[in-house]
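In structure tokens, the next block holds one chain alone, the form predicted on its own.
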Amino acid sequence: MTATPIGSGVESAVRAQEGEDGPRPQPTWEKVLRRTGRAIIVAFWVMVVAFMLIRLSPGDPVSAALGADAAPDTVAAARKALGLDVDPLTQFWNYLTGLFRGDLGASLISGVPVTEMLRTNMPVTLWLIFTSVTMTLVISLPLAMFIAMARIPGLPYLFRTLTAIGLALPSFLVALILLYQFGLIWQVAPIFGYDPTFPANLQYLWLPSLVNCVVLVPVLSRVLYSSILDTLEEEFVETGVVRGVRWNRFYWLYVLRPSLAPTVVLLSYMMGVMVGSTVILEIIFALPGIGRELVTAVTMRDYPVVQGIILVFGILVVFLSLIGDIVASLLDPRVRLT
């Protein structure tokens, strides 16, 4: 009997489910364009919701900037200068037209353009997410593979117990404990400050990234572990063993690659969640990221800054999800991009 490669076997199974006379799948680029269009629509509604919520929240940005003792004439003049003297619908139209010109507005408090704030602070947040994801993958992939392939009695139970404990720990508590231990007791990590140049910035990012790993590693490793166990039950894995495939090719093509699709989709979602959750870490570790600027802007009712940051966050979350789906469909033909 001649064994078929994993890709051919999976594609044959998909064709068998659809039927030979069924509709042919659309080109991948067309599906990507359709998903991109949906992502743009979602990003637009994220902008609309952010615009509405910040204005429905109590407080006035002009009063916060000028103080409670400011004269009414001064407040009225400031509101007119900032474009806040018109109705919210007109404000939204002015903001939308400025957005198409690449103008996200300027801070009502400091006068700094929002694009300049994003250019300065956003790389810190992106570096933190990238470092966290890299450390998580380095830990999760071999850990899940070892637990699934070792078949040591009691090891899966210990693995589930430890990962459940990691999931139950609040990230801010883990951050404070690690900051105290590594920063104050062992003094192997700085407790404040930041250097934007690479690789000097890594010495300020590895500890908050380790905090993210405490949450990310249990989730990803458990999902990948379960996926590997399901893959090991497939017929093509037994075929690979019978054929005597080299161990590196066997573990990648026959075991790990078909199991990575759900993990990649989950990772793309969690990267989007991290865009918002890094706010806590940036405050605890005194990192000059965009999340800390968002907290300050919400406190001061700085409308343009809040709208600009949330818009960028929404676009990142939506397109990270899109990229995750595309990568998952490339790794496993059974995953269809719709």
Partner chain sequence: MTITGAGTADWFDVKGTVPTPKNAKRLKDGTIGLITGLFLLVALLVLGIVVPLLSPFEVEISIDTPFLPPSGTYWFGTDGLGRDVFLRVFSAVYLDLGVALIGVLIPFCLGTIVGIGLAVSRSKTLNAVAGSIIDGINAFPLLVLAIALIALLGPGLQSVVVALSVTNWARYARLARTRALVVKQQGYIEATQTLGYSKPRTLFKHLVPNVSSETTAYALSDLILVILLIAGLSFLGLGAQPPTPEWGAMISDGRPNFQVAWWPVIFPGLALCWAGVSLSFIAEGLTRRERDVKS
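Positions refer to the first chain, counted from 1. Model, not experiment: these values are computed from the prediction. Definition used throughout: the rigid core is the maximal C-alpha set that superposes within 1.5 Å between two forms.
Another form, the form predicted together with the partner chain, is not on view; read the next lines as being about it.
The partner chain is not shown here, but in the model of the complex it comes within 4.5 Å of a heavy atom of residue 250.
Proximity of residue 31 to the partner chain in the model of the complex falls outside the 4.5 Å heavy atom cutoff. Taking non-hydrogen atoms only, residue 233 approaches the partner chain to within 4.5 angstroms in the model of the complex.
At least one heavy atom of residue 314 is located within 4.5 Å of the partner chain in the model of the complex. You can rule out all but one of 129-137, 106-114, 168-176, 75-83: in the model of the complex, only 168-176 has residues with a heavy atom within 4.5 Å of the partner chain. Scanning 200, 188, 96, 152 against the partner chain in the model of the complex with a 4.5 Å heavy atom cut-off leaves one residue, 152.
Residues from 181-198 that approach the partner chain in the model of the complex with a non-hydrogen atom within 4.5 Å are limited to 184.
With the core superposed, residue 292 shows a C-alpha displacement below 2 Å between this form and the one not shown. Here residue 95 counts as shifted, since its C-alpha moves by at least 2 Å between this form and the one not shown after the core is aligned.
Relative to the superposed rigid core, residue 283 undergoes a CA displacement smaller than 2 Å between this form and the one not shown.
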